[in-house]
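In the block that follows, a single chain appears as structure tokens, in the form predicted alone.
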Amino acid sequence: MILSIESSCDDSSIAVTDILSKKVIYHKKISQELDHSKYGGVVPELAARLHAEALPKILQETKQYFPKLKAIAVTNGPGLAVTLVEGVTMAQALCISLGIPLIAVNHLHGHIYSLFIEKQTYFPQTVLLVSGGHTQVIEARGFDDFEIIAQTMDDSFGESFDKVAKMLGLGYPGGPIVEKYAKDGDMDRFKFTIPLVNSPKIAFSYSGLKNQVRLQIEALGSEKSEQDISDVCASFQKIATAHLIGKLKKIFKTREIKDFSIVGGASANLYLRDKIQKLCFENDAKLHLAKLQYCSDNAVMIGRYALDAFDKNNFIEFDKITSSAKITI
């Protein structure tokens, strides 16, 4: 078995995966959302302290599997440096005490591998990664053979949802909250403009849209109603998604795509999933989705990547692993 650890942001997660069957034997995640919600976003130092408390508690529940462990896998970036080090330090200690190898996992590779949890790996495919920190389109050709072909120039898709929720005083994380309010809103009430709509550049940008929403919220004033809030959320979600779809259409025109996937925390947005499903249908492409419980950060996706890494003897010396916010795909 392989034990995997995820601590890149505000979710403390450990999983145990069987090497031969690829079955998830154990998985537990402790979220810090309530602790950070009053601040409107993740506070790194607080997140690190909470990881230091939660990870050892979860690890206690996995001791029965220690005799069967063949490797330890851990996220070493990208992410918050102060939280990544909590997982990396635990992984180093386990490798030393158990005498087994260490697998370092790029968090973004883990999201791609969330598609293959308890399944066989299948490449090539084109992947849209949408999360709180990233908006990228990636050509995934094989294990560690990934090329970014488009990405955001500023805010990410998920981050823009968090910021709109914060401006409206709705709490954190913003993605599911904005989506919930949007269901009861009029998406055509506020005429936000689609970013880069006349630009041939295949890239994403959400800072301008975020500013449009900010100005509209200020115009509504402090007496805005529940319906006003729902309408802002619906109008924003419509344009944020339209921006993604518009650029994806350009990519579909320039590449022959047979398999298309969405991964990352924001891929749980059902409105986005529906629009991309239609886009794939129009282009005769098969859409692949991770299970909803594995869209957000979790150790299971880290463990799934580790299965292929183990098969390729892709290990790292435990005293040479580093944790960084800037590890690239």
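Counting begins at 1, following the sequence as shown. It should be emphasised that the depicted structure is a prediction, and the values quoted were computed from it without experimental measurement.
Not on display, but discussed next: the form predicted together with a small molecule.
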item	value
Triplet S114, I262 and A290 all within 4.5 Å of the small molecule in the predicted bound form via a heavy atom	no
Residue contact check: S131 to the small molecule in the predicted bound form, 4.5 Å heavy atom	yes
Touches the small molecule in the predicted bound form: V300 (any heavy atom, 4.5 Å)	no
Close approach of A268 to the small molecule in the predicted bound form, 4.5 Å, heavy atom	yes
C295: touches the small molecule in the predicted bound form, heavy atom cutoff 4.5 angstroms	yes
Location of the small molecule contact in the predicted bound form, chosen stretch of 204-212, 184-192, 170-178, 225-233 [non-hydrogen atom, 4.5 Å]	170-178
